[in-house]
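Shown below, as structure tokens, is a lone chain in the form predicted alone; questions about how it binds or moves come after it.
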Amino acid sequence: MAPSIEARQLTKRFGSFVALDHLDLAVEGAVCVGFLGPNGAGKTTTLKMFTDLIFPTEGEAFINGISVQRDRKRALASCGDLIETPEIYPSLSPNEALEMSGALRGMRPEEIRDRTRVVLDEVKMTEWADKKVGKFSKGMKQRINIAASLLSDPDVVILDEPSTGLDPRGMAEVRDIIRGLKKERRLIFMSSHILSEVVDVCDRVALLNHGKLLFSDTLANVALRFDGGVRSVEAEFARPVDDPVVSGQIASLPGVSGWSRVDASRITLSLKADGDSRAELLERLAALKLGLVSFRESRSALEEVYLREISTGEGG
């Protein structure tokens, strides 16, 4: 059975403040979902109800079809999570910290030992397995926290803004780990307010603001859905590409409706909804032999959608 998570009318009130307002959201399969929203939108509140850290005022959360509120142990048995930024005892080594984490989950000692080797390799911390955590950088500690969330070999992984507070290197390391998790056929539900992070690692996005779900869709469909049939891709070349070449050879390719320049070697192409697929356009661009080195969905597309939806929600 494919992994799944679902919220049904999930609501949380703190007095008169509505942190989450009747959330209906269902995700199934081995996908990575970016749970987007500004600070205070209700993302962490949602994840805490999925992991039974707080109880909903109304509604239910389900993991693999099992209600978290009615059967917590069975629902969370197949779920690993990292909520906010837990601290690790500085005197412990990663091996010791994971041994304690596994014991708290009720895992057998031999299972803990076997899985510890696997997860430390997944987060690229094997060589640090017996070093004291107190000497680690924040990024290294976060990798151990992610390893702890993977210890029980879950098929659903819930991460709460895993890159927040890290330096650029630490952020890149965490993103690499998440890309690796996607290859293991897991469902990854990851809250974030960093759009570039979501574009880099996610397949789907769900946008929350003021406790309300504004939309949920595949990353590829977001710009198409909200930009009237126009979406954008960014193409980068190994060397500068002159305007006459862009307007003459590239802009005339089937499916391209317009272009703009990012810098001397990068351009953004607007695509028609009824044009060729991105794969076909990529083949045609490569055939021009202009030194194409990168081709991806334009980050500006998600950014524009995000800002417009958030602005509209606040205005209404």
Partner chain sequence: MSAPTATMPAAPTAGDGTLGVVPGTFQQAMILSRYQLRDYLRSRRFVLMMSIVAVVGGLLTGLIAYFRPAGVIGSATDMYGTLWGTSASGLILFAGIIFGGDAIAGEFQNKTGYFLMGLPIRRATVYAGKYTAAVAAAVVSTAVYLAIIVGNAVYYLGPGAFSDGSALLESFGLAVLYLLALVGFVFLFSSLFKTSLYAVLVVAVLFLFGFSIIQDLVVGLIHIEPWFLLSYVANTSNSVINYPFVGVPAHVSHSPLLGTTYAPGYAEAIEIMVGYLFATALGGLALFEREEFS
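Just so we're on the same page, rigid core means the largest C-alpha set that superposes within 1.5 Å between forms. Quick caveat: nothing in here was measured; it's all calculated off a predicted structure. Residue numbers count along the first chain shown, from 1.
Keep in mind that the form predicted in complex with the partner chain is not shown, yet the notes after this line are about it.
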Contact stretch among 168-176, 119-127, 194-202, 88-96 - heavy atom within 4.5 Å of the partner chain in the predicted complex: 88-96
is_contact(residue 139, the partner chain) in the predicted complex, heavy atom dist at most 4.5 Å: no
Residue 51, heavy atom within 4.5 angstroms of the partner chain in the predicted complex: yes
is_contact(residue 28, the partner chain) in the predicted complex, heavy atom dist at most 4.5 Å: yes
Residue contact check: residue 153 to the partner chain in the predicted complex, 4.5 Å heavy atom: yes
Heavy atom distance at most 4.5 Å to the partner chain in the predicted complex, all of 33, 76 and 184: yes
In the predicted complex, residues of 1-40 near the partner chain [heavy atom within 4.5 Å]: 1, 2, 3, 12, 14, 21, 22, 24, 25, 26, 27, 28, 29, 30, 33
Threshold 2 Å Cα movement between the shown form and the other one at residue 103, rigid core reference: yes
Cα displacement of residue 92 between the shown form and the other one reaching 2 Å, rigid core superposed: yes
